[in-house]
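One chain comes next, on its own, written out as structure tokens in the form predicted alone.
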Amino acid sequence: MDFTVLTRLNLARRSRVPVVLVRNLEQGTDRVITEDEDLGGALGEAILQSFRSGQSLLVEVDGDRLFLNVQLPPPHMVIIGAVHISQALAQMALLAGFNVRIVDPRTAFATPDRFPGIELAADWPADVLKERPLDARTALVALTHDPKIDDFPIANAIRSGCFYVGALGSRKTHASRIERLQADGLSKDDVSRVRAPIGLNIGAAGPAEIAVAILAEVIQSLRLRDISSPTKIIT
């Protein structure tokens, strides 16, 4: 493999940026494609399919056989609030292949016995996210109902380009949230990205069913996301 290609692959891995390594099986050449490259045509459609599905493909384009080796960093889910919904959602998200973190400064809730095997941060989101920033491969799920805890990570997720931003709360609660976020400098288009009421509308009742609805919406957002202007990285 060409050294330049290998360098770009390693940089992408370190930066948590999705790429497709396109190997021309006829010519023995490689090229690295990032999500923001709009190739168009049959190759562009095949690469888009690989990015969204996470599956590598063998395709034929203009008489050449091409192997599309998709390399996606594992998706993260950051859950704000160590509540009952979080207990179910965290375990389900792990099974679905997400790296899960729960952030809640309320130490009475964020305890290992309530969340066995889940990474916990019993600290304020502003401090936690400064140490480990959000990125475009992250879903942010805010569940505390407390603006002092939820608002900062929601705004941070929007600014960081997270592929999913959702927040628990009634329509009245969300209307107040929108006012606060816009007062914090976010635009109308920015705040429209927040999924609220959170989760797919499946008539969910109880924490476990609400967790199912949230995870389904997160997966839908991951697989059907607009990747026309994703993570910035590779140079």
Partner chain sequence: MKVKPGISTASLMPSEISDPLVTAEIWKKGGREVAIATVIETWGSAPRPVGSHLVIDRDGNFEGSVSGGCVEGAVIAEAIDIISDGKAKLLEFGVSDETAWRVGLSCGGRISVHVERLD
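Positions refer to the first chain, counted from 1. Predicted model, so just to flag it, every value in this text is computed and none were measured. Heads up, when I say rigid core I mean the largest set of C-alphas that superpose within 1.5 Å between the two forms.
The same protein also exists as the form predicted in complex with the partner chain; that form is not shown, yet it is the one meant from here on.
Using a 4.5 angstroms limit between non-hydrogen atoms, G97 touches the partner chain in the model of the complex. Shown alone here, Q71 lies within 4.5 Å of the partner chain in the model of the complex, counting heavy atoms only. Using a 4.5 Å cutoff between non-hydrogen atoms, T173 does not count as a contact of the partner chain in the model of the complex. In the model of the complex, D190 stays away from the partner chain, with no heavy atom inside 4.5 Å.
Within 4.5 Å of the partner chain in the model of the complex, a heavy atom is found for not a single one of W124, R195 and R223. Listed residues A208, L200, L58, A42 were compared with the partner chain in the model of the complex; L58 is the one with a heavy atom within 4.5 Å. The listed set R31, R180, R65, R52 contains one residue whose heavy atoms approach the partner chain in the model of the complex to within 4.5 Å, identified as R65.
Looking at 1 to 31, the residues that come within 4.5 Å of the partner chain in the model of the complex, counting any heavy atom, are M1, D2, F3, L6, T7, L9, N10, R13, R14, R23, L25, D30.
Relative to the superposed rigid core, the position of the CA of A213 differs between the shown form and the other one by less than 2 Å.
Superposed on the core, the two forms barely differ at T107: its CA moves less than 2 Å between the shown form and the other one.
Between the C-alpha atoms of L11 and V100, a gap narrowed by no less than 3 Å is obtained in the model of the complex, as opposed to the form on display. Closer approach of the C-alpha atoms of R14 and N99, by 3 angstroms or more, is seen in the model of the complex than in the present form.
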